[in-house]
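This document opens with one chain alone, in structure tokens, the form predicted alone.
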């Protein structure tokens, strides 16, 4: 089990160093990391209860966390209670008064850090409760803790990666001419669930690109039937104990031509170059550059249209990003994706994606699925 008490001690130290008196985190990956309160599986629209704006917890150095939850969240998401103080706001309670009392119980606060996804309604009530306080972003305090994974976290993420590896192996024979992208995506999601994934870590993508096919990667799934002579790209991830995986491969249907083979080799070589560059002290931007340079040298730089990757853990996309603007130095234990691609509509589509952990000698994959070219008749 994670040592959340120790995590809270480190958080208090970091808050003190940053001159932050109080922190409020809404229900989020940050709150799950620090308290174990699991997030609900996301839906397309809001899932909300009476007084939902109070949902979260206050943290202050020298005090246990103070959790505030609408009754229904407490009833169903914390059935075993909470190791700390908790305020349960019931439907007929005055939610604003309960929130104000909780905020003021910490005394005078000069600086309050807020989780970056805190609802605007919560911020409005917080400013009313403690007027004149300075609000700052909590992410620079919490994210450096989360981005370095310990052995237990790495083991959990490896399990999440194992699921997608197994699903890719089982789904590959179904990727043939005439098969439906929708049916394949449905089967991917079903297989992940059967293997223990709580949910898909993001919307599953299955799409085909190639000569005579004007399809672009911006359309991640459709009711199209797969035609011969195209590459079918995959983008999907699983969730184990709150931790995410993110994975991608491309399977060719038919007989690949020389251009497809050239692009495929360039994309796989680009990922390998990024992994070699991913050593401690190297910046995220430098890993992006090392990856991108291989595809640019092959003449396909115009069609590598997204960043090289992103950190990953309790959220599928975390900071820092493996991208040209991010100068964050890598550290041992950071986990991130390296996912180069070439997406040229009407010409070719190839991608690869694996979760990588930074180690002294460079990046190591948590996935084990091969990158050898897969071709189905």
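These figures come from a predicted structure and were not determined experimentally. Numbering follows the first chain given and starts at 1.
Unshown form predicted in complex with another copy of the chain; subsequent notes refer to it.
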Based on heavy atom distances of at most 4.5 Å to another copy of the chain in the predicted complex, which listed stretch, 97 to 105, 200 to 208, 263 to 271, 147 to 155, is the contact stretch?
200 to 208
Any of the heavy atoms of residue 214 lying within 4.5 Å of another copy of the chain in the predicted complex?
no
Does at least one non-hydrogen atom of residue 88 fall within 4.5 angstroms of another copy of the chain in the predicted complex?
no
If we define contact as a non-hydrogen atom of the residue within 4.5 angstroms of the partner, is residue 131 a contact of another copy of the chain in the predicted complex?
no
When the contact criterion is heavy atoms within 4.5 Å, does residue 239 count as touching another copy of the chain in the predicted complex?
yes
Is it true that 13, 83 and 328, all three, sit within 4.5 Å of another copy of the chain in the predicted complex, judged by heavy atoms?
no
Position in contact with another copy of the chain when the complex is considered in the predicted complex, options 111, 259, 305, 293, heavy atoms within 4.5 Å:
305
Name the residue from 298, 174, 177, 124 that puts a heavy atom within 4.5 Å of another copy of the chain in the predicted complex.
124
Mind listing which residues of 304 to 342 have a heavy atom within 4.5 Å of another copy of the chain in the predicted complex?
305, 306, 307, 314, 315, 316, 317, 319, 321, 323, 324, 325
